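Following this are structure 1 and structure 2, which are two forms of one protein chain, each written alone as structure tokens.
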Structure 1
């Protein structure tokens, strides 16, 4: 397999492309949850799978518990969408979505799953539409874990080279924020690069 690398133009283009997708996702979430989100600039990292842990750990508070919601999507552009949210944020989300002061564990789980689903399906649908491929979403699964257990080395051994597209979703008024990671590998990265190149070519023609 040839080494996957992105030049500055490609990264910039991907960032901008994701920015637009995240804008759509944020807007969907905001509308469905009836809240206003502050958008953040997406980060794009292409790394070896073993570096993923470091990337994620650099953004979490080691003393907190986290909700980790993972949703798989399959098809030609397949991968995994991961949403990482502090316990307190998840509680606020459950509280906000269920209109109760003390949401149960089930309420919180359902709320974080719902949020993840809206985010990932908008983000990925947007991407796959541009790529001209179909996508199938699977049921997200939520887990509550200590920060060091968000991701285990053995969890990602199947991925050789991965692309991490991450951003922060933030509802300031509701005290809800979380990090979204889109993880995809090899073939999917190549089709993404192809897409970017086409877009760039279109622009410069």
Structure 2
């Protein structure tokens, strides 16, 4: 497969688009919890598909279980938005969002899904708006897994290159945080590069 690379201008543009998207998502989730939220500066990594598991594993606790919500989106630019939250943080979220000292499993599940819906819809919708395209969202999947099962090898065996756009959502005072990943693969990467180049051309023409 032809080598896939983003030049410095393309990476800077993508980071700027993500910063705008993160700002919108931070505002929306802060409103949901009525609490101060921060999101870290986005990281952008291009890796081989077989390296994805190692990249994810480097950012999680191998001894913990995680809530993992995955949502596919498609269009001119497509991929997957994945939200990963440690079990202890999810319990804190359920406690804080529903004002319950001991939230049930259903309460925790509902809280994580509600938060994820706002995160993924805002991030992707705003990012694709910046890119000048629209996407279709698919029904998300949710599961609780060990850290090593966040990504399965069979999920990526048909892909060569993956762009990982990642950030961290944090409610420091409430001890709630989670990792957000936007994953896009192979032909979608080429579409993304084309969209970025189009926007750069508009800006500098």
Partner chain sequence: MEFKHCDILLDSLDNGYIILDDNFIVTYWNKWLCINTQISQEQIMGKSLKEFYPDLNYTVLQRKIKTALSLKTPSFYDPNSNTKFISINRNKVTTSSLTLMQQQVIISPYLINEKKVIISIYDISELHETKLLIQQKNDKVTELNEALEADKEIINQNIMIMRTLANGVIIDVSMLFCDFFEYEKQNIIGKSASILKIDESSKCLYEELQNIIINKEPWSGELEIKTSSDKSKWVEARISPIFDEENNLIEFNTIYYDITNKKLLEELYITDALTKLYNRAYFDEILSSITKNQRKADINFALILTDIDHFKSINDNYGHQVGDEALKAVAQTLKKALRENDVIARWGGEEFVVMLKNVTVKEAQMIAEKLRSVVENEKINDLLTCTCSFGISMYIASEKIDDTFKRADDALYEAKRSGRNKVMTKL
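Positions refer to the first chain, counted from 1. Please read these numbers as outputs of a predicted model, since none were measured by experiment. Note that the rigid core is defined as the largest set of C-alphas that superpose within 1.5 Å between two forms.
- Here the chain appears twice, and structure 2 is the form predicted on its own.
- With the core superposed, residue 133 shows a C-alpha displacement of at least 2 Å between the two structures.
- After superposition on the rigid core, the Cα of residue 78 moves by 2 Å or more between the two structures.
- In the core-superposed comparison between the two structures, residue 189 has its Cα shifted by at least 2 Å.
- A C-alpha shift of 2.9 Å is found for residue 198 between the two structures, based on superposition of the rigid core.
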